[in-house]
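In structure tokens, one chain follows: the form predicted on its own.
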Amino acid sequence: MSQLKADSAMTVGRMWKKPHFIANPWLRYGLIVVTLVYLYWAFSTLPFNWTRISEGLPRAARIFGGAFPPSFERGGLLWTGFKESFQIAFLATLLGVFLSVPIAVMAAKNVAPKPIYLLGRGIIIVSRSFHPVIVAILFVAAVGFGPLAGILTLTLYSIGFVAKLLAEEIEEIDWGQVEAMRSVGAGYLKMLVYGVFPQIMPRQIGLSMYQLDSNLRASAVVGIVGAGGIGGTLMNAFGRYDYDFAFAILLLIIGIILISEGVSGWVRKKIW
């Protein structure tokens, strides 16, 4: 009892302090010093032209001022660009999802032999290695300006995303269903069709909807480098200083992304 009173007396007047995220003070302060040194080095060596930046602020104000009100007078040109973007996005999504399924099976450790697994993972890594704009530049150089370069770019982009997540989904399936198929003598293909695919189908449909939404956005971006779609129209509008028309394009892109987000959410609710 006396010991309890002594402990209580020792805790009176003391306040609880939140423990540090990094307990070791040498490591904690060392990381702070390294971060500060890095920031000083980065800002002191990067070629910032503060004079040009200050001159660019009024220019940016003129651009934003010229964008209001947005101009929708050239509706035909808008429709042509968006129609091409839709076509590119839908075709690339269909091709990408279709090719992602076998690549995902190849890249799933629990259903593929080791050499096939490494090959599948290698394809996914290559597909995910570069930004779509860089890939679009390569395809434009290879097949020329136009929608074909956009379709090839977004197909590769879709494979990198959908195949990776599908492979991870396959690796986490309930293995009991697969064992049940094997116990009745099912071959490898039947095991995939009846034991694996039914378990990943809701995820695959959800990923496909998300990828379509992503491809709609990306089709506008890759069009800037000549891969077809509304991006080329947007770039030309900026080049001609038609800021009101460019702003109209940007507003339509935002509107279409909002609609596609609502549609994909509705489809996902219906599936699950």
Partner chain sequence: MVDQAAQITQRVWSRYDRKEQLIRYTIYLVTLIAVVWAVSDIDIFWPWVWDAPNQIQNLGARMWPPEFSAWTAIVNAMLETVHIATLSTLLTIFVALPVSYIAAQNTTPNKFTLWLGRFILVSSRSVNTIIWALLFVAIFGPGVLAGILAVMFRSIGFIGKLMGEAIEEIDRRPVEAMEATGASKMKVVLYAIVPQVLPAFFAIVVLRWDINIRESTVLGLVGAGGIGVLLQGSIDMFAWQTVATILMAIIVLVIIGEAITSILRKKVI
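Residue numbers count along the first chain shown, from 1. In this text, all values refer to a predicted model and were calculated from it rather than measured experimentally. Basically, rigid core = biggest C-alpha set you can superpose within 1.5 Å across the two forms.
Beyond what is shown, the protein has a form predicted in complex with its partner chain; the following relates to that form.
Trainee: Consider the chain as shown here, without its partner, and state which of F72, F130, W175, Y194 has a heavy atom within 4.5 Å of its partner chain in the predicted complex.
Mentor: Contact check passes for F130.
Trainee: Name the single residue among I137, I170, A112, I123 that comes within 4.5 Å of its partner chain in the predicted complex, judging by heavy atoms.
Mentor: Contact with its partner chain in the predicted complex is made by I137 alone.
Trainee: Does R59 reach its partner chain in the predicted complex if we count a contact as any heavy atom within 4.5 Å?
Mentor: Looking in the predicted complex, residue contacts with its partner chain include R59, since a heavy atom lies within 4.5 Å.
Trainee: Considering non-hydrogen atoms and a 4.5 Å limit, does its partner chain approach L258 in the predicted complex?
Mentor: Yes, contact at 4.5 Å.
Trainee: Taking 4.5 angstroms as the cut-off for heavy atoms, does L91 touch its partner chain in the predicted complex?
Mentor: Judged by the heavy-atom cut-off of 4.5 Å, L91 is in contact with its partner chain in the predicted complex.
Trainee: Using a 4.5 Å heavy atom cut-off, state whether R28 contacts its partner chain in the predicted complex.
Mentor: Looking in the predicted complex, residue contacts with its partner chain do not include R28, since no heavy atom lies within 4.5 Å.
Trainee: In the predicted complex, do F48, Q87 and I254 all put a heavy atom within 4.5 Å of its partner chain?
Mentor: Yes: each residue has a heavy atom within 4.5 Å of the partner.
Trainee: Thinking of its partner chain in the predicted complex, which stretch from 180-188, 113-121, 142-150, 98-106 has heavy atoms inside 4.5 Å of it?
Mentor: That would be stretch 142-150.
Trainee: If you look in the predicted complex, which residues in 63-77 sit within 4.5 Å of its partner chain (heavy atoms)?
Mentor: Counting only heavy atoms within 4.5 Å of its partner chain in the predicted complex, the contacting residues of 63-77 are I63, F64.
Trainee: Aligning on the core only, does the CA of L31 end up 2 angstroms or more away between this form and the one not shown?
Mentor: L31 C-alpha, core-superposed: shift of 2 Å or more.
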